[in-house]
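Here we start with a single chain on its own, the form predicted on its own, put down as structure tokens.
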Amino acid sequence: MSAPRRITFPHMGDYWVPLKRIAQLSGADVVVPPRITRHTIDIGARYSPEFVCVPFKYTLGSFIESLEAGANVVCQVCGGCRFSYYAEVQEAILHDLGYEFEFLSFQGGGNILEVMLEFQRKAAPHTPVPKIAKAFFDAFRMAEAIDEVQGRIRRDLAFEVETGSLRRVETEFLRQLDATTTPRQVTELRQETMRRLDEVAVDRPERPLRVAVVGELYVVMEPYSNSRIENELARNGVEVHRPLDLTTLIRHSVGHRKHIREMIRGADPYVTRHIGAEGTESVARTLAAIRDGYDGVVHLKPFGCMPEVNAMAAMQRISREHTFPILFVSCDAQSAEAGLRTRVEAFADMLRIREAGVIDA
């Protein structure tokens, strides 16, 4: 390719900030994918196979928007389930649509170190491995900062005294994070932002309702794809916890096989084999939520996601046997926020009634 490389990647939450850093420190220009909107999923669904899982449609739409914005190199990390085949199918679709670009897929075998080496070989062959390693390390520190800050906001959002005060801190944090140039600056910004969050006035009840959000990684981490369900839970006075984030995924990828074994043990006796992607983890995290005294679980799955469909059967049994509330949400291209809002309100009401001892489940 004679033109300068302009790399893009799928949009997923606010993780575009560390992904942008990897591209920049690898000596490439970067086209940051636009935030997901109705237009993104409309064009993604228009050109996708009808029954493919919905993250395929979101990421395809994200690629189209970035190619229209001038990108000429598309990056996709694959693995875990049908996600392994996204690259070949999406590349064929985009070429059929007439786009001229280079498609780089990184399988990595579930290990971030292998993804890093694959990235150096395919995306930046003339960049020394130590420089690539530094880019990935810097990006990991940025992801850690995002996950700590946003985890705190999820915990407190339902109880802020002044509506919007936490999100204002978050917006400024992301703006400054994108402008950092060293890991030290990231650490200082992270610490300063946590201090600012400590100063935000909250009115937390002595015993708030606590809910864990589990499910497939894309619909858990991309707010638009799940109709911003975390905000809806907060609006109904629920403290939200999300065990799955990018930092956790990266750490688990280094010991991928060990993590799978731990999740199978954690899901026993409801699941005794790895069922793919995050399915086993959804079951294990649900049982952990029960042990840790959570009031309920929200399970997010893309329409057509087989690992999470398999997990649902086990989780429904867990719900019955432990009289434990689980809200199952299937995310697709036609998800309606109004309908989900009603379901979340009913779920929160049921949790409050159960907490009061009026009903058992």
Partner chain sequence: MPATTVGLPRSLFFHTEGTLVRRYLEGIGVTAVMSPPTDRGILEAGLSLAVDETCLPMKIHLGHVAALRGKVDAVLVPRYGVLASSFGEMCVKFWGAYDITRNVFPDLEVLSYDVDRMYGNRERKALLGLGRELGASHMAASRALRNARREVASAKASLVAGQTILEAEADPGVPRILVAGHTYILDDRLMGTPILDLLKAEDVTVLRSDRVPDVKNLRKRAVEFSPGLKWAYNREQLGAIATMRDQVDGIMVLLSFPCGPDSLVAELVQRKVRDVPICVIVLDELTATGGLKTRVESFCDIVKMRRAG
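Keep in mind that what you see is a predicted model, and the values were worked out from it rather than measured. Numbering follows the first chain given and starts at 1.
The same protein has a further form, the form predicted in complex with its partner chain, not shown here; the description that follows concerns it.
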Interface segment, criterion being heavy atoms within 4.5 Å of its partner chain in the predicted bound form, picked from 80-88, 204-212, 176-184, 146-154: 80-88
4.5 angstroms heavy atom contact with its partner chain in the predicted bound form for residue 301: yes
4.5 Å heavy atom contact, residue 128 to its partner chain in the predicted bound form: no
is_contact(residue 252, its partner chain) in the predicted bound form, heavy atom dist at most 4.5 Å: no
Interface membership of residue 287, its partner chain in the predicted bound form, 4.5 Å heavy atom rule: no
Of 194, 112, 264, 200, the one that lies within 4.5 Å of its partner chain in the predicted bound form (heavy atoms): 264
Partner-contacting position among 52, 31, 41, 327 - heavy atom within 4.5 Å of its partner chain in the predicted bound form: 52
Stretch 291-317: residues contacting its partner chain in the predicted bound form, 4.5 Å heavy atom cut-off: 301, 302, 303, 304, 306, 307, 309, 310, 312, 313, 314, 316, 317
